[in-house]
Structures are given as structure tokens and as C-alpha cells.
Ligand SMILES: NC(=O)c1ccc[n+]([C@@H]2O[C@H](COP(=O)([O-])OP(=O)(O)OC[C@H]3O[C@@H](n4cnc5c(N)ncnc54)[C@H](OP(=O)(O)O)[C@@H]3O)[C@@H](O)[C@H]2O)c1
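Below sits a lone chain in C-alpha cells, taken as the form predicted on its own.
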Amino acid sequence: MSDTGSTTGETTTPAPTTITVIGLGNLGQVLARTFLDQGHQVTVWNRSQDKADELVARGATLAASPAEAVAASDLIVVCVLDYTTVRDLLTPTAAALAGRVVVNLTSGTPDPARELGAWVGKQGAAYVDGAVYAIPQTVGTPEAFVLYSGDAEAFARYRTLLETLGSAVFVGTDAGLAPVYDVAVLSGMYGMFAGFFQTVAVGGSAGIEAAKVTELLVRWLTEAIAALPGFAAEIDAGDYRTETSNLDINAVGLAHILAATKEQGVGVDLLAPLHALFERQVSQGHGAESMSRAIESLR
């Protein structure tokens, strides 16, 4: 089946194809619904069959088993709990996988993605791993994007279709790359949450409402985030020379923040590790260099 699509004005609609969605959690249901809305022939399977009721009412076909689900379609989209579950579900379907494309949108880590990709390849199928950056409500909107890695030809074949889920970005032929990107990006997200919790805790120690201090935090972070591409360029170049905010300045500034935080009776567990990275670089003689050089203490 092809999904080259047809274009009218600025709207591109993928040509109908056969798609199986295995796993009907919150995300899986939205994926299946999006494919149905595009006019595709969709087969679904889930351990709890009642989760398929709404989709069947919309026109999906409920498979009695994973093997039946795989046999029904050219494109197999999997979205379950973890990679072990993916392997457990697909192993009994091995004989039916040949010639098909498996797109795994299950959250996972790099090595299991590579192992699963190799196993799928041995069954004569193509494997594409994906990392979804969207909550279910934003799938299919401009806010959503999905990173893919693995079989480049398979991705190209279904790219137009995958774009209906969110902006589709292919990051490389190593199946483990999408999970690496995912871990990297989500690490930044959780770091932001850590800073938020610290902000609210310090503000709360003086009776400042979380909403009030958060309003200022968002305003400041919006400005501060503009520094990240510059830091990234320094890191990629390995050139940390700077005439502005160096490690010496930031190590002293963060030390003052930690001291003031303790005075307010608030813990410093979230920020102390960052100060340790700064101090390590300063002790090695890099105090006059950019704050971005702190990454060298993680490598």
C-alpha cells in the first residue's frame, strides 16, 4: 500500500491504507481514532477488549488476537506499557510479520529498542521506533511532534501518514536514537520541574503563593531559555571562552542562593548537585570560562 497522498491547495490527505493499532491506552486510542478520521482501514487489539468499543463504533475492526491484528494490516503501530510487553505480544505473531512495517510508539530506552529492531528485522519486517511529544489531546495538532529512528525506507513510505499524528522528524537509522533523544529531552523537562519545585518551596517559606512566584518564574524562564542555543553552540564547538557570565560568577551566585535557601528552612537537594558541577570546573582552573562548560563534569 502507498500513502503518497493527494494535495488540494495546502491540505494533504494520506491515501487510505491498512493500519493495526496494538494497545488502546489513552494514547493508543487517540492514535487509532486519528487514523480512522483520515479514512484508513483500522484494526485494533487490546487485552481489555472493552477499550475498543468506541473505536469499533467508529468503524475499526477488533482483532481476536495479536496475530490476527498483525495479519490484517501493512502497518503495525504498537503503543503499550514497555518494550518487554511489545516483544511478548509480537513473538507469537512472528510468522505474520514478514513484509510489514512495525512502528513502535512505546516509551523505552535505547538498547531494548535496538534489540527489538534487530528481532523484527529477522522476521522480515521493517522496524521504526518513535518518541511521542504530545499529550493525547494534542495528537494530530500542530503542538504535537514525534521523533522516529530505524528503517529509513519504511519511514519515508509512511511519512505522510505519520505526519497526521504530529510533525514527524526522522533522527537516524539507529533504532535506539529516538529513545536517546527522548531521554535527553525529558531530562531537560524534569530539570525544569525540579527548578519549579525549588522556586515554589522558597517562595512558600515566606508565605508567597505558588501562583504569584510562578508568574514571575515563567516570565524569567522565557527570557533565560534564549541562552540555550548559544550554550549548545559552545558545547558542540568545545569552545567555552566568554566575556560575560562565567563559571566563577555562577558558582558564587548559586552558593549565595543555596545559603539563602537554607536560611529559609528549605532543602537544597535539587540545586546542590549543580553547584558541585560548577565548583568542580572552577577547581580545575576553568572559572573564567562559560557556564556551559559544566557539562564536562558529566562526561
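In case it trips you up, residue 1 is the first one in the sequence shown, and so on. Small disclaimer: the values here were computed from a predicted structure and weren't measured.
Note that the form predicted together with the ligand isn't included here; everything after this is about it.
- Using a 4.5 Å cutoff between non-hydrogen atoms, Leu81 counts as a contact of the ligand in the model of the complex.
- The closest non-hydrogen atom of Leu24 lies within 4.5 Å of the ligand in the model of the complex.
- When the ligand is considered in the model of the complex, Gln123 lies well away from it, no heavy atom lying within 4.5 Å.
- Though the partner is left out of this view, Thr85 does reach within 4.5 Å of the ligand in the model of the complex, counting heavy atoms only.
- Taken together, the three residues Gln41, Ser73 and Leu90 all stay farther than 4.5 Å from the ligand in the model of the complex, as judged by their closest heavy atom.
- Stretch-level contact check against the ligand in the model of the complex with heavy atoms at 4.5 Å: of 146-154, 173-181, 132-140, 187-195, the positive one is 132-140.
- The contact with the ligand in the model of the complex, taken as any heavy atom within 4.5 Å, belongs to Leu105 out of Leu97, Leu165, Ala113, Leu105.
- Though the ligand is absent from this view, in the model of the complex it lies within 4.5 Å of a heavy atom of just one residue from Arg58, Arg241, Lys262, Arg47, which is Arg47.
- Along 163-190, no residue reaches a heavy atom to within 4.5 Å of the ligand in the model of the complex.
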